[in-house]
Ligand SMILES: O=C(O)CCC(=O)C(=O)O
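Just one chain follows, in the form predicted on its own, and it is written as structure tokens.
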Amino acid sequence: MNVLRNSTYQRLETHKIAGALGAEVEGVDLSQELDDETLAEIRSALLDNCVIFFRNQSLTPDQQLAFARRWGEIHFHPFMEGMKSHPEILEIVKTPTEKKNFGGSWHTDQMFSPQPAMGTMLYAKQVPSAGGDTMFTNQYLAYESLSDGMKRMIADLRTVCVGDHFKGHGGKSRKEIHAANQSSMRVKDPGDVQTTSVHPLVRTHPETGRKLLYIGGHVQSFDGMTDAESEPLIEFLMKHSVRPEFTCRFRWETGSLAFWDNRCVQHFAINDYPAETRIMHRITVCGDTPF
């Protein structure tokens, strides 16, 4: 099989898994302390591909955290409790008794925060024999493929993004949803942490300078508009943003780590392994204010 490989890097090698986004990175052991040159090439690979994947990694929680801290401060989920031994890490678990999974809708992480997460690192500890894949979609392409008329119409729109009581869940709280699902994951009270924020619908990536469609499941309405006025356009843009030609799909193996750029990517955890267990360790890196 002919695989498109990127030979522009000196310390690692990448090969794309789809035309729209996504690449596997080879030649890097994330359990080791990486020099600045290697880290710079990983950053370039992330910016070039929006999401990158590392296979056959053997990471302790401390080693995963050490890698994540090279990218910035660690973000703590305001609604979900982290591991007791490592509160910076969210252990995402789905057992055979649970019907719903965590992250089972198109979204970008922490969009409800005033400064949403820059990136997410998800490490596979236990995966089902089949299923449990994650899909990703390129929001640069989602914006660039819109008509000029649509781009003009949405240029100044701002979205209201919420972290709880989603309309799509009938207004139920996260605590109610997890309790009904008998989830092993622990929900906490966010306290005084801001969990509703307003962001531009058309965002400029702070590193690449490219414009993108900044939308996801946390978007509930447009700022200054009613729900009824907002819903038709939100529905159109959500469907448009996940067109098949914008997406890639990653099949997990134990020891795989995915690192995606929340500033330009949505993702979707597929719930198609009803009789098996899936355990992942997730770390999110703090981001900046969208503009």
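Remember, predicted model here, so these are calculated numbers, not experimental data. Start at 1 with the first residue shown and count on from there.
Below, we refer to the form predicted together with the named molecule, which is not included among the displayed structures.
Undergrad: Tell me, yes or no, whether G103 is in contact with the named molecule in the predicted bound form, where a contact means a heavy atom of each within 4.5 Å.
TA: Heavy-atom contact with the named molecule at 4.5 Å: present for G103.
Undergrad: Would A269 sit within 4.5 Å of the named molecule in the predicted bound form, counting heavy atoms only?
TA: Yes, contact at 4.5 Å.
Undergrad: Report yes if any heavy atom of T159 sits within 4.5 Å of a heavy atom of the named molecule in the predicted bound form; otherwise report no.
TA: Because no heavy atom of T159 falls inside 4.5 Å of the named molecule in the predicted bound form, the answer is no.
Undergrad: Answer yes if any heavy atom of S197 is within 4.5 Å of a heavy atom of the named molecule in the predicted bound form; otherwise answer no.
TA: S197 lies outside the contact set for the named molecule.
Undergrad: Are all three of H75, S113 and R263 close to the named molecule in the predicted bound form, meaning a heavy atom of each within 4.5 Å?
TA: Checking in the predicted bound form: none of H75, S113 and R263 is within 4.5 Å of the named molecule.
Undergrad: From the candidate stretches 149 to 157, 95 to 103, 79 to 87, 200 to 208, select the single one in contact with the named molecule in the predicted bound form, where contact means a heavy atom within 4.5 Å.
TA: So the stretch in question is 95 to 103.
Undergrad: What is the one choice in L212, L122, M118, V219 with a heavy atom within 4.5 Å of the named molecule in the predicted bound form?
TA: The option sitting close enough to the partner is L122.
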